[in-house]
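Okay, here we've got a single chain as structure tokens, the form predicted on its own, with questions on binding and movement later.
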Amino acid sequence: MIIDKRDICALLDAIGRDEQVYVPGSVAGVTQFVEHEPGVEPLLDVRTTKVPPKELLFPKAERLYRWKTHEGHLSIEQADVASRPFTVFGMRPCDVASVERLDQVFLTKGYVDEFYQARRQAATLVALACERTDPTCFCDSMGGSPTRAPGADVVLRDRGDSYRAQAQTERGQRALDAWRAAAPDAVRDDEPGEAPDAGDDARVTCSLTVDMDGVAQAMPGLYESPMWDDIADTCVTCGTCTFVCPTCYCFDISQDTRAAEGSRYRCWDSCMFVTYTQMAGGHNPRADKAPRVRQRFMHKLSYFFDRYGENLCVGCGRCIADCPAGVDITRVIDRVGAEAAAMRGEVAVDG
């Protein structure tokens, strides 16, 4: 299916008549996914929004249940987990890969999060392959690709004055059929005889690269390395890296009590905050910065790999671009590789 760029808004308006549509946009100068409004041009040229689309599946705050007491009796009402169908239009491949990571956390290993599952089943993911990359992108070093998004329902590829849309799932094919019916003037069929475009990884690559070979296996041996103190000296533990990360999923459970009733909800938290591991009795196993910094990188690059067989980092580069202290995960990866090699007696660590 071919979509002329001048008809994108007409298509989004048509989709929006039946379901919510989220597109890259800007709020107070911050690029993020916003609900599409008729006539508003989406920012599809933005390669990586400052805020990832994670919130659409895993909200910053959501109520889990309400409770109340009356004459000594307690009643509990779980929050409604139902979710209306919605489309996320214009996700970059790294963000699609991040959803696959969240799926592992919330839907596998014998535990299903009903709240996440409801949104995930309601979502149609429309990816937009990258025609170029930002200086902080390194997705192809983390097993991804700027041009391929196998976890998306539909993939869009830029053809200059148009996009070519290809379905990758049954949900994606249903979406294309619905688009054709809802906006016949905005879409047209492929040219006869034109072969499907599977993407060209050789044509679009990231200039920033890291070598992940053996990193996950080497990190446990560096648990007591002084490198974590060095990194912690720079880190200000502001939590920016975790909040702009599309795969961080730490949360806290809080309670709002009003007289004889209240509610419990969960909200995003960060392993960078000193109170994250604060226990009821006052003990805190990560009261100092270095253990918290170490935990973040261990989880991203080793613990998650051990559990799910892939890295939690998808190489989007947001944490590099937005860290106020200049902490760079690719430099940490390089240092892990150098430290591990030094432990094996292969090379000397520089600094």
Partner chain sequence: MTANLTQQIRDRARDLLQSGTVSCFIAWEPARFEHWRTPVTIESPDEVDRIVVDEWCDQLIAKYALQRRGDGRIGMVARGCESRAVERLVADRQVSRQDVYLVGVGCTGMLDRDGGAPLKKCEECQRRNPVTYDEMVGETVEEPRPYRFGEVDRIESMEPEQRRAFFDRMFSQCAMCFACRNVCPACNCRSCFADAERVGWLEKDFGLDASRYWGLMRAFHTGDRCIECGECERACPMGLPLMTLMHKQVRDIDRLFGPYEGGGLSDAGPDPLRSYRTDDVEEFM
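Positions refer to the first chain, counted from 1. This is a predicted model, so every value here is computed, not measured.
The discussion below concerns the form predicted together with the partner chain, not included here.
Not displayed here, the partner chain is kept clear of Glu19 by more than 4.5 Å at the level of heavy atoms in the predicted complex.
Taking the partner from elsewhere, Asp269 is found to have a heavy atom lying within 4.5 Å of the partner chain in the predicted complex.
Proximity of Lys289 to the partner chain in the predicted complex: non-hydrogen atoms within 4.5 Å are present. Although the partner is absent here, His70 is not a contact residue: none of its heavy atoms lies within 4.5 angstroms of the partner chain in the predicted complex.
From the list 294-302, 39-47, 307-315, 59-67, the contact stretch for the partner chain in the predicted complex under a 4.5 Å heavy atom rule is 59-67. Interface residue among Thr234, Gln78, Ser75, Gln173 relative to the partner chain in the predicted complex, by the heavy atom within 4.5 Å criterion: Thr234. Listed residues Asp189, Asp252, Glu114, Asp185 were compared with the partner chain in the predicted complex; Asp252 is the one with a heavy atom within 4.5 Å. Contact with the partner chain in the predicted complex holds for none of Glu131, Asp213 and Gln217, as no heavy atom of theirs lies within 4.5 Å.
Residues Val27, Ala28, Val30, Gln32 are the ones in 18-47 with at least one heavy atom within 4.5 Å of the partner chain in the predicted complex, listed in sequence order.
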